[in-house]
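Only one chain comes next, encoded as structure tokens, the form predicted on its own.
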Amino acid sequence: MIEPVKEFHHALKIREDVCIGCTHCMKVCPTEAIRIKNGKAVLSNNRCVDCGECFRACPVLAIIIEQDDFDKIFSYPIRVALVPSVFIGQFPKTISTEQIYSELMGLGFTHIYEIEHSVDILADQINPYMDDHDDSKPVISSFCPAIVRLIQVKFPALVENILLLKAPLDIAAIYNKKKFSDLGYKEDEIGLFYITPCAAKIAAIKSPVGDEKSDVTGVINMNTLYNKVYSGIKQNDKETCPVPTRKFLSPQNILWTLTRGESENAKGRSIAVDGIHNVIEFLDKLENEDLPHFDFLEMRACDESCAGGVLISGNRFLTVRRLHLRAEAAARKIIRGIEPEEDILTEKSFLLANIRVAKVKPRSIVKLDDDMLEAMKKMKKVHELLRHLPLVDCGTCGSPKCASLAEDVVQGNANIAQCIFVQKLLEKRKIFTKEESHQVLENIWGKEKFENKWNVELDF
């Protein structure tokens, strides 16, 4: 059964005052969530999965990613920075992890916790989960929230395959909340702030899938915090405050958030796919049973996974290289007999009791109506309209493709006369005047695009 449509929370916002209606965002959106109306990009909330492709593509920075105000951390006596390993990987090797920790504390955090410490809890549960869900293979990782939402809206038949275990971020948040609660702090005194490399994780925290509420208190843009930390270290050129005792991560934990970090630890046949358009192509083949059998699919929306997040400051390939070097250093410590000491394992029973998430429900954007008979009638109309459209997907109508324009028309959100080819045909048949065609184009692209800005004589 399809879940009644309700709006997702979205971290991505379009600034109408800055947008120039250039269609860059519309053309790259993997779920066709953007239209152009009156010269501005408009986001369809129920289609958007917060992958951030539009954010990357916008040439005028009209698309922004909302975050919590940094000063929000000071509302809590306990202020924990939940730091992913890719944040550490942003910094050149001349800057030590201790310096980064020190500067974070200098900015106001009372504790630093690298999220990947929680991988030890999750990693041991994936293979038993796969054994228990042999009829739902391939099991699809739930690590990337953009992929979870993508499956909900574009591949609803595959929601049964999603791994219903919490991601490392959520496990780390649960652990830290319990740790400080056990020390006597009240819930409203514990602030857990995630340093995010992407918009999808902001959206997942604000409106989690499979949970009523996230244990994470707030979200801080990684790019913003990186600049604060880096400039602070350069200005001070030394540790600015005491550094907390730091447990080093195992190689597996360090590499978990990178491409193949998760799939290499799954038994059976597994594969890793990164880049949301690559994921869509792969899932299309999976739905059509055009692939060999796999037991586990690791799917990430960004190229090079979290190292390629839209809020990453540095080069993703350098970040990956630095994290591999960090993993190699950790491996050498283990060879010397220095084993990682994971305090989180003392709460393993508690965390395992809370590691499951509720069943993920589909939110299909493919269906045209809740009523099956009505949906079939609408689909027939879509096919009829497509016979009158040029199928060139030029985007001049304000929709990304001819097929999406046909769907918009059937749903009452557009008019077939928005197609410039149809307009010219109507003009030729004396059904439309040139003035009427011009008015339709103005409604899509705005009056400004049809102004003679330089007041020059046009010879055509």
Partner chain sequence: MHFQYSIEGGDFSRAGNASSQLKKLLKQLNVDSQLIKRIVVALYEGEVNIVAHAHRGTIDVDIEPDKVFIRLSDEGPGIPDIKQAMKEGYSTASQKVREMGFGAGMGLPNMLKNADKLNIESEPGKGTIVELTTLLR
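Every value quoted in this text rests on a predicted model; they were computed, and no experiment measured them. Numbering follows the first chain given and starts at 1.
Omitted from view is the form predicted in complex with its partner chain, to which the following refers.
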query	finding
Proximity to its partner chain in the predicted complex (heavy atom, within 4.5 Å), stretch among 254 to 262, 282 to 290, 106 to 114, 78 to 86	282 to 290
Residue 335 within 4.5 Å of its partner chain in the predicted complex, heavy atoms	no
4.5 Å heavy atom contact, residue 154 to its partner chain in the predicted complex	yes
Partner proximity in the predicted complex: residue 372 to its partner chain, non-hydrogen atom cutoff 4.5 Å	yes
Partner contact for residue 247 in the predicted complex: its partner chain, 4.5 angstroms, heavy atom	no
Sole residue of 388, 234, 359, 383 within 4.5 Å of its partner chain in the predicted complex, by heavy atom	383
The single option of 367, 228, 177, 324 touching its partner chain in the predicted complex, heavy atom within 4.5 Å	367
